[in-house]
Every structure is written in C-alpha cells, then in structure tokens.
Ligand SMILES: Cc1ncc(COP(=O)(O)O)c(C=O)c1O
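Okay, so here's just one chain, in structure tokens, the form predicted on its own.
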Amino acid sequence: MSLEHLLAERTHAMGASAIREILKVVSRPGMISLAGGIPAPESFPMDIMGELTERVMAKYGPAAFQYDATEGFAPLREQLVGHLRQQGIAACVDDITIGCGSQGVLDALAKVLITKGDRVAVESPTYLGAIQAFNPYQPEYVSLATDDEGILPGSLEACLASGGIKIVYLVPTFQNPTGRTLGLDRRRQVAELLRRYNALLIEDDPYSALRYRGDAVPAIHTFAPEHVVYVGTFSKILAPGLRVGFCVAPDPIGRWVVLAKQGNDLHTSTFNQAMAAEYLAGGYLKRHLPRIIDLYRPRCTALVGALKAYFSEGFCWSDPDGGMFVWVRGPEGLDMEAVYNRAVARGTAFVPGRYFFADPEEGIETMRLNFTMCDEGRIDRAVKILAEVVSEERLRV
C-alpha cells in the first residue's frame, strides 16, 4: 500500500539534517572530525552528576519524576531569573518558558509565528537548525548581508523598510556557522530598527558563555525587550543530552509557545529541569564554566594557527573570540563539497558551507570547522590534510 498521498503538504519542505547525515558518514574509527557542532564529552561535569542527582532526589523527591507545568519546572524558572539578570536580561518567572533544548523552542516559535509565505529575515549564512525548524511552516527567506562583524544594519533597515517581514532571526554572539560576533554599536542599531519598524527578533544565544577573550557584549534583548524573543540553552554549559532550553518572550508570544508545547510534549523532562535548577542554585555552573573555557580556548587557537600555517593565499577565515566554530572562505569556483568527499577519504571531515545559506546556490566555496571535539594535535593534522586536499582540488579545477 502506498502511503505517500497521506502526507501533509508541509512534509515537502522537510528534509534530513545535512550535518547529521555527515556525522553518520564520519563516525567511523580513525576519522578526525571538524564537522559537528558538538560539545566535547570532557566538558561535561561528570564529577558532580552524582551529587546533582542526590540534591534533586533529596530536595524534590517524587516531584522530580511527575508531570509538571508546560511553562517549565518552577525552581528552574526562578533560578533563570537571577542567571539572566547577571547577563543584563530583566525577566520575571512568567516571561520564561522551558523547552526541549533551544531547537524545541525554535520549533514552537515557528509553529505559532510562521504562516506559509511569511517573510523571515536571516543572516547569510545562518544556523542550519533554525532553517530546519522553520521550513515545515513554509516561509520565504530574506537574506541579510553580513561582513566580518555580522549583519550590516543597513541591510536590515532596507529589509524592514520593504515591508512584510514577519520575524528576524539572528545568532549575534559567536554565530553558528561563522563564529562572528555582532558589535555593541550594531546591536544598538538593530534594537533601534526593531523599535522603529515594530519588528520582532528571535535572538538565539547558545554560545555567549563560551568566551575565550575580550569583554562580554550585552544581548540585543537588553536594548529592546518588547521586540525580542531571547532563546538560550544548557546544552553547551551542562550537557546536550538533557535537552533543556528556554526562551524569554514578550506577551502574548510566550503564552502561545506554551500552548504549542501542550500539544507537542506536555512539558520538558521534569528530572532534567531539576538537574539544571540545582546546577544553577548550587553554584556549579560558576565553578565549572572556567573548566570548559580552559578546554576550548587552546583548541580554538590551534585551529586558527593551523589555518595560518597551512592554507595558501586566496583563503580567509574568522578568528572568533569564543564559541565553537571557524568559518573559512576559499577562492571563487572552489567546490567545498568536492573537497569534503576527498577529505573524508583521507580521514578528515568538515561541513561544506552551502548548507547554511537559505539560497542553496550560495556558499559553494565555504566551509565550517568545529574545534571543540579534537585536541590540538588532531586539529593540526586535520587542517594540514585539508590544505593538501584543497591544493589537489584546485589543480583539478
């Protein structure tokens, strides 16, 4: 029996994650992978997991295993109020909704905000996971021009002035895939544009805690809270497998996100939320975060250093102050998918950059490199192999 005719129209816009398909290919033994945006297992606070579990059991007992409010576990939402205040984000408990990772939050936001044909403005390039969350609701993407410091405010102004933009989506700090950070002046300009055009921004912020140098930059939310849905996660600072994310949303969007969750999963895992609550309440994050930063900082330095050492003229790359990614652009005409296939045969993997563009014809000559999963020696070997493969590919073109 053929069942294809039963599928909803929205399934035509759905597809497998290109990155997850790549990770299947590169998971074989001996592969050096600079592909996935995955936290290193060494970054997980395994030494305190037992202690956290004991705290949860002693403090909450059976309540940690019971159904709970769709909005989120109250102790976690209360802890997040103080945690966000330290970042300059003013929120009360009722402003905060907990989701199944930030990806679950993005899906819920898309469900309540996007109607087929709505115009959604995104950075060029942008986070692939957001495109996947938005695609089933069939928006029309409008690409915002960027440079080495993120989006150009003039591009955003022209976009908003053209009318009909439903939402703007940005990852302004240590962006995935480029690693770029939008500067303070541009953040203020973005906030002013949001206010002037009465526009809504989804500010996705999974990486800002992973700062290796320089001073923290305030979230755009701090300048225009009524025009911004701020999205955060514990995946990079605790453990991604717990699937705990959250958003701070202006009313009534927050209420609609709750309704969307009620029809989807009722609520995020109570036990996992309780673990995150105690991680904050007990001061564990404050003590553990420097360990994560000390782990990643030299890996970031090693990747940028290897690119300088092995890649020839005609290439440029980002030099991020934090996060998990370095973005590389090669000379026009170089097909990074062809480079990827040859590199995998040599035991090294990355993600071709074209997957991060709303227009699949863009970014052919780009690639995203992740540095969190490999030590400095393996990073150096991987980049050297990539440079050799790129040279071979350029000779073939």
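Since this is a predicted model, take the numbers as computed values, not measurements. One rule holds for the numbers: they count along the sequence shown, beginning at 1.
One more form of this protein exists, namely the form predicted together with the ligand; it is left out here, but the text below deals with it.
Candidate site formed by 213, 318 and 327: none of these residues places a non-hydrogen atom within 4.5 angstroms of the ligand in the predicted bound form.
For the options 322, 150, 101, 75, the one in contact with the ligand in the predicted bound form, meaning a heavy atom within 4.5 Å, is 101.
Only one of 236, 299, 187, 261 comes within 4.5 Å of the ligand in the predicted bound form through a heavy atom, and that residue is 236. Partner proximity in the predicted bound form, defined as non-hydrogen atoms within 4.5 angstroms of the ligand, places exactly one of 168-176, 81-89, 305-313, 290-298 at the interface: 168-176. Taking the partner from the other structure, the ligand in the predicted bound form has a heavy atom within 4.5 Å of a heavy atom of residue 243. Within this chain, residue 230 is remote from the site of the ligand in the predicted bound form, having no heavy atom within 4.5 Å.
Among heavy atoms of residue 37, some come within 4.5 Å of the ligand in the predicted bound form. Contacts with the ligand in the predicted bound form, taken as any heavy atom within 4.5 Å, map within 179-212 to 204, 206, 207.
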